[in-house]
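Below, in structure tokens: the form predicted alone, a single chain.
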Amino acid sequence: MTADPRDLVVRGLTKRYANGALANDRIDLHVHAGEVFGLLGPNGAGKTTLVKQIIGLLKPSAGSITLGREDFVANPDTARALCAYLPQGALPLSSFRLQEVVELVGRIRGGDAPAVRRRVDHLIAALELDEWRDTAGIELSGGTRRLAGFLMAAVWPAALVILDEPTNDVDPLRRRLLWRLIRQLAEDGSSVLLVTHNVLEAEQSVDRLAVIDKGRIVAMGTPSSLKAGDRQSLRLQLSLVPGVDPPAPPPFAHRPIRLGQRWHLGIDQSDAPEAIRWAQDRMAAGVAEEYVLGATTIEDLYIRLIGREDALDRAS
């Protein structure tokens, strides 16, 4: 991709707090206009600190943040004007009906009334939310409130759209509809920065992604390129019976990691028949409920990079 005036470029971004804690350590990112860029990492990895610096709520200790020719460090007010942001936390919707709060945000962001109304109608229809159009925020479910927050971020075009866990609490049907709209934001020209812990969804929905841990970027690339080193490997996932002692991993497994009631085992393709027999024996012995054998995923890479067995449980 070539550079675009709407590209987000982060260079050498560092944030050290007064107590000496290093939250971000020389982060480099380039989010292109027209792409969905995923940011993955566990709690405390530095994702929230990074986002706060991008939108001008926190001043970096060092480094630069630019969107095209705009310097967000020098002009944090410009950052807030050019960015649309869906935070992870709850939004103040209680006193507003869904439609009116989204229209209000669209007008605040510079849209004229007829154009904003058409955009709101389109988004509500796309997410199949029409039955809640006139419902007060206090009466909306958690998932619907989350979708309302997305509508507020998407209602009027922004050069940069930052979405922090946009699918939290959203039902499976509307998750698919939501991903389509996220993809559409990029296709319409926005740079989309997606902060998520849902590794499998990210793999299917982002153009590129970065894994952040302990304030540093530990991997970056397309989902396919990040998995290139595992092309000759498979993953065996074994779901354990609750309350039963887990089996020892088989000798042919590499990088075995237990996450709750699941064993994640890497195996070579040549060991696939033996792995299936081993898994079926564990089921016959009443130790496992089911198994899945398939290609390695970004989830496997993520667990390995973070280096902790609780990586997925802690991610947010």
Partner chain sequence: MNLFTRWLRSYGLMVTWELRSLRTVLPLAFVVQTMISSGLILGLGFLMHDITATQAQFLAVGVTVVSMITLGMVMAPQLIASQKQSGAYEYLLSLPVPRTTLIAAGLTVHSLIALPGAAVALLIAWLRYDIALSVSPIVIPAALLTLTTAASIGFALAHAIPNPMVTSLVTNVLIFVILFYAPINFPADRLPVWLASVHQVLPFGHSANLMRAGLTEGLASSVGVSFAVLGGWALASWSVTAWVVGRRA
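Since this is a predicted model, take the numbers as computed values, not measurements. Residue numbers count along the first chain shown, from 1.
Below: the form predicted in complex with the partner chain, not depicted.
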Q) If you check 110, 114, 142, 172 against the partner chain in the model of the complex, which one has a heavy atom within 4.5 Å? A) 110
**Q.** Heavy atom within 4.5 Å of the partner chain in the model of the complex - residue from 230, 100, 207, 130
**A.** 100
Q.
If we define contact as a non-hydrogen atom of the residue within 4.5 angstroms of the partner, is residue 91 a contact of the partner chain in the model of the complex?
A. yes
Q. If you check in the model of the complex, is residue 76 within 4.5 Å of the partner chain, heavy atoms only?
A. yes
(Q) At 4.5 Å between heavy atoms, is residue 216 in contact with the partner chain in the model of the complex? (A) no
Q. Should residue 58 be classed as touching the partner chain in the model of the complex when contacts are defined as heavy atoms within 4.5 Å?
A. yes
**Q.** Among 121-129, 77-85, 188-196, 172-180, the region lying within 4.5 Å of the partner chain in the model of the complex by heavy atom distance
**A.** 77-85
Q | 184, 255 and 259 each touching the partner chain in the model of the complex (heavy atom, 4.5 Å) | A | no
Q: Any residue of 5-19 with a heavy atom within 4.5 Å of the partner chain in the model of the complex counts; write them all down in order.
A: 15
